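First comes one chain, alone, set out as structure tokens in the form predicted on its own.
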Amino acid sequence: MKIYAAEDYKDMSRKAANIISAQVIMNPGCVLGLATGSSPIGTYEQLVEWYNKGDLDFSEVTTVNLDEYKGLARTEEQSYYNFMHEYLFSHININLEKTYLPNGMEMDSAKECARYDELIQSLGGVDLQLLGLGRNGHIGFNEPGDAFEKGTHCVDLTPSTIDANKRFFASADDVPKQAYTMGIKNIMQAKKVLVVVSGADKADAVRDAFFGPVTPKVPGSILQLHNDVILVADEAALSKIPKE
């Protein structure tokens, strides 16, 4: 695992965007696994800035997103489909037919999870997977539990995750209670994993995920077993890691 310390959120975003840019430049037809939430917004904004300068070409890139709320239509403002278009897809020259997310409006969980797993496999897997890290150590919507969930699955969101996401909705009651998410196996099969973390409220999660025991109680801890993980985090998020 490589750790890149950043001064602040902006510096973290720039460093992470550099890594994604290098992936796209070296392999224009790469498959990017993308994340939502507040952590990667700055990274997407930096990629858009470099695209506008003519430094990046996304025309051959394929993307697969980690997750989507179940029961939320793509047209809803809070959907992750809408999020990706707002912060990235509508600002770059990506082929929208090659951007994939779970279908939140498919009520048959088994059917949708099998479809998404098959899709990822048909693309040859993910070349670079971007992740955030939840305060409870979750990655994607893989919440703390008794076992690591392997493939794409429907998850009941924990109260802490609902609380963290309520800022995007009118109230906590409006936050969907379930979501489709890639599983740990999907994430671990990515060739490279890039984790972006910012803020003192994530310091415990960073310490537990990357320097604690590997346990499904801290889903992100599984990344310790991946052979190519890059953690880009600001000083506040890194404040509780062991000192060498």
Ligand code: GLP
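Treat the numbers as computed from the prediction; the structure is a model and nothing was measured. Quick note: we count residues from 1 along the sequence shown, nothing fancier.
Unshown form predicted in complex with this ligand; subsequent notes refer to it.
None of the heavy atoms of residue 79 is located within 4.5 Å of this ligand in the model of the complex.
Taking non-hydrogen atoms only, residue 99 never approaches this ligand to within 4.5 angstroms in the model of the complex. Taking non-hydrogen atoms only, residue 141 approaches this ligand to within 4.5 angstroms in the model of the complex. In the model of the complex, this ligand sits within 4.5 Å of a heavy atom of residue 36. Screening 161-169, 84-92, 110-118, 144-152 for residues having heavy atoms within 4.5 Å of this ligand in the model of the complex returns a single hit, 161-169.
Along 190-228, one residue reaches a heavy atom to within 4.5 Å of this ligand in the model of the complex: 202.
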